[in-house]
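A single chain, nothing else alongside it, follows as structure tokens in the form predicted on its own.
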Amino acid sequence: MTEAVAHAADWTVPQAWADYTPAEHALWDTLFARQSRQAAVRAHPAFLRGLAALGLDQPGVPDFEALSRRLRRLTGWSVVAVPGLVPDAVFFGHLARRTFVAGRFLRAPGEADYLQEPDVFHDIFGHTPLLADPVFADYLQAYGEGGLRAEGLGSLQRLARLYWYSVEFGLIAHEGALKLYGAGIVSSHGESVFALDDPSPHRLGFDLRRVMRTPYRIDDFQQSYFVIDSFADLLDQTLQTDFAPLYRDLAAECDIHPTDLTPGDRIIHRGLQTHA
């Protein structure tokens, strides 16, 4: 499926579900089977509940309209197609309105393990199951509202780090173990193993200020992962923080390299950093 199509003012485009080829539906099924097997033992139960509630185990690339009907009944969210990455203000505005933007193209078979730009598998398999969880759904809406405010404060880089280390590459404590919830991990065959099992990365207790001081990598596995105690705690930290003075404070502080540790870190696992 190509992306040569004009978008609306809000950057949405038709998904054009009927245009997916049999080969693309088959590739989706292959990716889904592989990642759902990993998720069954590695992902947080809320993610697994979302997979089931949204009917994502049905064959073929999901139809966004049918998926949105299920999501709206559960949490008021919906999914819309976009031609690729969208401007920050557009992205935040959609989240604030409880609309998740998803790419409609599917990776090539040779990109099964890595691609730079999110595709429909990353966006739908990785992100939408947790949109069925009421608390996480509220967190993502709050993040969108915060993004609209951050634009006027010149602090988008800081806020992007929060999204990266929570929504995309977050870990969560569950019944004495660590589980996956970040979409970038659960949709990646290699990182689903690396994030939980490899001795290389640090695994640190989530702290909002610490996260916003930590740059991230887009070209490899992460060097540090941050572990939340619960989705409710993640939401509370977001809603109870006055971000404007926090951004002012952070502007005077140095970044922390993702391989480094600080005296205030809650260290769950001190990584060897051999992969880095």
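Please read these numbers as outputs of a predicted model, since none were measured by experiment. Residue numbers here begin at 1 and follow the sequence given.
The same protein has a further form, the form predicted together with ligand HBI, not shown here; the description that follows concerns it.
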| said: Would you classify Asp88 as touching ligand HBI in the predicted complex, given a 4.5 Å non-hydrogen atom cut-off? | reply: yes
| field | Heavy atom of Val82 within 4.5 Å of ligand HBI in the predicted complex | value | yes
| message | Taking ligand HBI as it sits in the predicted complex, is Tyr143 in contact with it (heavy atom to heavy atom, 4.5 Å or less)? | response | yes
| field | Distance check, Gly126 to ligand HBI in the predicted complex, heavy atom within 4.5 Å | value | no
| note | TL;DR on 191-199, 68-76, 161-169, 175-183: the one with heavy atoms within 4.5 Å of ligand HBI in the predicted complex is 161-169
| task | Name the single residue among Phe92, Phe121, Phe206, Phe136 that comes within 4.5 Å of ligand HBI in the predicted complex, judging by heavy atoms. | result | Phe92
| query | Among the candidate residues Leu106, Val101, Ala132, Ala150, which is the single one with a non-hydrogen atom no more than 4.5 Å from ligand HBI in the predicted complex? | reply | Val101
